[in-house]
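Quick setup: one chain, the form predicted alone, written in C-alpha cells, and binding and motion questions come after.
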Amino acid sequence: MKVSNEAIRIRLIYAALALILAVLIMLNILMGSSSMTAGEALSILFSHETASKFGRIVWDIRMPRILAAVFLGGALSVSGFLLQTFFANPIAGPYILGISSGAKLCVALTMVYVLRAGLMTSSLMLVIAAFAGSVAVTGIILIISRRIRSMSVLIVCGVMVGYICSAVTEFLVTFADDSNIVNLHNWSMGSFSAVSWDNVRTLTVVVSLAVIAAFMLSKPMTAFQMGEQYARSVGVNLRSFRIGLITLSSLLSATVTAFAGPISFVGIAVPHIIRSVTKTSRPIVMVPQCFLGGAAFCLFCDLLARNLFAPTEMSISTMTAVFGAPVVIFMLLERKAR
C-alpha cells in the first residue's frame, strides 16, 4: 500500500512532537533549584526511590508539576481548537473569550467561602466550580453571538466579560482576611506549583475522558467545518453536536483553571502552529497533535518560568503570553493581508 506524502508528513510531526515532549520532560526533571545529572534522574525514575533528597524532589515536587503541565497544557490547546471549530474562527480561545476568567471567578468564590467556613476543598469541588463559571460565561458569549455577527466585536465583548470577572476575582483576593485566602493571589496569576498527586489523579481522569470524547467527535467536526448544510445532509444533529462541543471545551478549560489558574494564549497559539505545520484542519489530526503541542508548549514555558530568574519564579501565564501573543499578532496581520 502506497503511503501519501501527507500521511508521511503527519507521522513525522507526531514523532517530532513526541521527541520534543520527552526531551522537555527530562529537562524539567533535571533543572531547578537543585540540579541533578541524567544518570541520577533515570535511576530515581526507574527505582521509584523516594528516600533521598533528589528522590523527594523528583517524586514529590517535580513529577506532579510536570504531569500537570502535560495534561493541562494539552487540555487548553484542545479546548481552543474546539472553540475555533465552533465559531469557525482561529482567533477564538478560552482566555480571549473570557471563559477562563469566568472559571477563575467561580473557583475563587468557592475557595473563599470554603476556607472561611473552616472546610477543606476537594479536587472535584474545584472542577465543578470552574465548570459552572465556564458554562456561565460561555452562555453569555453565545447570547451575544446571536445578536452580533461580527467575530471581532464578539471577541471584544469576550475580553470585556473576562476583565469584569478578573476584576471581581482580584477584589476577593485582595480584601480577603485569612492568610490562606490571600495566598490565592499566586494561583490567580497561573502556576503549576501547587498541584499535588491527588490533583494529578483527578485532572488526568477528567482531561483524558474529555480529550477522548473530543477525538470521537472528529467525524461530525469535519462535516461541520464544511458548512452547516453539509453537516445536516450527512446526518449530524447540530443541536446535540454544538452542546457537546461547548461542554467539552468548557470542561477542559475549567479543569485547567481549577488546578493552575488562568493560562493565556495557549488555546489560540498552539492550534494555529499545529495547523500551519500540518497544513490541515482535520480534527482527527488536530485533536491529538494539539494535545501534544499544548503539553510541550506549557512544559517549555514552565521550565523558563522556574529557572530564568531563579530563585524568583514567574507565573506560567506570563511566559505563555510572551511566546503566545506574537503568534496571535501574526495571525491577525496574516488575516488582514488576506
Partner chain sequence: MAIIRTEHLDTGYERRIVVAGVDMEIRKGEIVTLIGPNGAGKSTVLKTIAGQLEPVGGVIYISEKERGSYSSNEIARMQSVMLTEKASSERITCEEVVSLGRYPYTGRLGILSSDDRQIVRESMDLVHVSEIADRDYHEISDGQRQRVLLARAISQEPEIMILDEPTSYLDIRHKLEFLDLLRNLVRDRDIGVIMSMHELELAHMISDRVICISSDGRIEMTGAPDEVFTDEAVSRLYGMERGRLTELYVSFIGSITRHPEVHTESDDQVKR
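Residue numbers count along the first chain shown, from 1. Bear in mind that the values here come from a model prediction, so they are computed numbers and not experimental data.
If you look for the form predicted in complex with the partner chain, you will not find it shown, but the lines that follow are about it.
Out of the stretches listed (196-204, 213-221, 160-168, 144-152), which one is close to the partner chain in the predicted bound form, meaning heavy atoms within 4.5 Å? Careful reading of the contacts points to 213-221.
Though only this chain appears here, would Y230 touch the partner chain in the predicted bound form if you measure heavy atom gaps against 4.5 Å? Contact check for Y230: yes, within 4.5 Å of the partner chain in the predicted bound form.
4.5 Å heavy atom contact, S281 and the partner chain in the predicted bound form: S281: contacts the partner chain in the predicted bound form.
Do A88 and the partner chain come within 4.5 Å of each other in the predicted bound form, heavy atoms counted? The answer is yes: A88 has a heavy atom within 4.5 Å of the partner chain.
Any of the heavy atoms of R275 lying within 4.5 Å of the partner chain in the predicted bound form? Answer yes; at least one heavy atom of R275 falls within 4.5 Å of the partner chain in the predicted bound form.
Contacting member of L209, V234, V156, L124, with respect to the partner chain in the predicted bound form [4.5 Å, heavy atom]: By the 4.5 Å heavy-atom cutoff, the listed residue in contact is V234.
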